[in-house]
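Consider the single chain below, provided in structure tokens and representing the form predicted on its own.
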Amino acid sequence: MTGKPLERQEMFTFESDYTEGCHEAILKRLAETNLVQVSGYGEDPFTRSAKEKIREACGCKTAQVTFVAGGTQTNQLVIDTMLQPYEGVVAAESGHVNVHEAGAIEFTGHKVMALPQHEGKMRADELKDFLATFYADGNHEHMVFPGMVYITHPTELGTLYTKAELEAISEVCHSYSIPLFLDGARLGYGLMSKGTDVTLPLIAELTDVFYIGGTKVGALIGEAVVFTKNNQPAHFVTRVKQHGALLAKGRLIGIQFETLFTDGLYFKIAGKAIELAERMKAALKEKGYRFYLETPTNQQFLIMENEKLEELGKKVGYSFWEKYDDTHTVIRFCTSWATTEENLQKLIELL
């Protein structure tokens, strides 16, 4: 086994935005507070402070905030606790809960009801048609009811909803009295993307529940679930524990989010990743590389010749995304809060 970690370090990677540990300010704060004795399960002053800072950032004083360790846990918890046993969740066919959650939602007994995706996004008109068709069916009492709508921002393809698109989806959801749930695993990168007209307060206004991703945006672990309409399911902490997701040392996540939401750190480090992604995109375009689609966030998708990928993989880490055709593959490069100028330049020179 000796030598493998070193060999790995001799490479550099853009395969994802969670290949490093956490931002140095979080490590420092964890060390500073290490021997402070506090109550468990999130009943500590650090967690309370983090919740208040998130409410302030969201412009929603009554928001109910709960911290969960990871994204799959969060999606499963929110969907399972908000749905009735006979209900399912509507998502774009490319949505994370439909593709990369290992059936975690179905494991709870709830069906994922997939709609067409358009560069990762759901369209309000198609959602409205789907709901109208369901209720017009005389046999709908024998079917799985659409009980929630799930979207991601940024999407799995690194694209973003506009304010108008979110408003339209929110209007459809509320006209059918079903909640809108926004998965924000990479939310910081979406909020800091150039030209976006979507803000954190707007998301709090238009959704019924969303989460602020920490794992991919500078934290060791952790996501902040935000219920925006005084609509947190009853005994939610009990349900979190039933799912095996309640940390005894709740301070671990509370301290991290308190740090991320002090002096705008969350937005600053996400903004850095966007700046480097834009520079990467410009350089690769100049070199003539083909992009799978235009993305304004930290995820960039390239169409590469298969014969070049093996050699590329010996020098830089990337994520396989999907087969493009018999001779080409779509791969993904991610910048992150931890991406260095040095590694970006090495990637540009290598390609």
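These figures come from a predicted structure and were not determined experimentally. We number the residues from 1 along the sequence you see.
Note that the form predicted together with another copy of the chain isn't included here; everything after this is about it.
Student: Counting non-hydrogen atoms within 4.5 angstroms of another copy of the chain in the model of the complex, say which of Gly244, Pro116, Pro201, Gly264 makes the cut.
Tutor: It is Gly244 that has a heavy atom within 4.5 Å of the partner.
Student: Even though another copy of the chain is not shown here, does it sit in the model of the complex so that Gly59, Met304 and Glu310 each have a heavy atom within 4.5 Å?
Tutor: Contact check failed for every one of Gly59, Met304 and Glu310.
Student: Can you check 94-102, 147-155, 121-129, 264-272 and let me know which stretch has heavy atoms within 4.5 Å of another copy of the chain in the model of the complex?
Tutor: Flagged stretch: 94-102.
Student: Consider Ala69 of the chain shown here, and say whether it contacts another copy of the chain in the model of the complex, taking contact as heavy atoms within 4.5 Å.
Tutor: Because a heavy atom of Ala69 falls inside 4.5 Å of another copy of the chain in the model of the complex, the answer is yes.
Student: Should Val112 be classed as touching another copy of the chain in the model of the complex when contacts are defined as heavy atoms within 4.5 Å?
Tutor: Flag for Val112 set to yes.
Student: Whether Tyr41 contacts another copy of the chain in the model of the complex should be assessed with a 4.5 Å heavy atom distance threshold; does it?
Tutor: Contact with another copy of the chain, yes.
Student: Residue-level question: is Glu106 within 4.5 Å of another copy of the chain in the model of the complex, judged on heavy atoms?
Tutor: Looking in the model of the complex, residue contacts with another copy of the chain include Glu106, since a heavy atom lies within 4.5 Å.
Student: Pick out the residues of 199-222 whose heavy atoms come within 4.5 Å of another copy of the chain in the model of the complex.
Tutor: In sequence order, Thr215, Ala219, Leu220, Ile221 come within 4.5 Å of the partner.
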